[in-house]
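A single chain comes next, written as structure tokens; it is the form predicted alone.
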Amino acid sequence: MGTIIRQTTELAMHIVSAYVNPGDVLVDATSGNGKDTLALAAMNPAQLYAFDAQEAAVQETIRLLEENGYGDRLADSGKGIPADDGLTGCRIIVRQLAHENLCEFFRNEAGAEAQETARPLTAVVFNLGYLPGGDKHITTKTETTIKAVRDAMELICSDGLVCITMYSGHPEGRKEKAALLEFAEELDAAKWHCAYISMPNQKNDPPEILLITRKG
């Protein structure tokens, strides 16, 4: 692992990779600048969904994927999974969608073809806060994030993972983190494993990771 512990987002992706096998179905629920989406694409899933509420984030994610050789993997992002798009192997669907609408997308918008062939998700990744380089006043919100995490937990398979990178360096982020940790503490231990990774000797509110797995 080298010095990966210094980089919280890279550590989160390293943990996710331990849960993923080629051919799995993965979701980046907050694609932001696309770096997590790119890391998930490298894990060779059968299907990868990347969502973000901001159009700028969607376009940046698509740009990064194309620049790194995944342009021919991009399915028609406006229509869920096309019934016959000619793609084999990994399909990547990038869509402007708020993270709290995950369940609605998979139930109602992905289309009959997607629902008939749907498999539970192996991993759902959240990288909270604001878009790097964007408007810092536009952030994920506590109430909608809790709903999104609940939905992700409903969608993952046995031994699947919800990985949440939290940022408490701004007021909404502190509120969001506190609510998420309280939520995790109250989960049924017979059904869920939870882990919380922080960096206690680092200043300036470094990112932290919350992991939730469904017991098999």
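Please read these numbers as outputs of a predicted model, since none were measured by experiment. We number the residues from 1 along the sequence you see.
The same protein also has a form predicted together with a small molecule, omitted here; what follows describes it.
When the small molecule is considered in the predicted bound form, only one residue from 156, 184, 62, 53 comes within 4.5 Å through any heavy atom, namely 53. Using a 4.5 angstroms threshold between heavy atoms, residue 35 counts as touching the small molecule in the predicted bound form.
For the chain shown alone, residue 122 is not a contact residue for the small molecule in the predicted bound form, no non-hydrogen atom being within 4.5 angstroms. In the predicted bound form, the small molecule sits within 4.5 Å of a heavy atom of residue 128. Within 4.5 Å of any heavy atom of the small molecule in the predicted bound form lies no heavy atom of residue 47.
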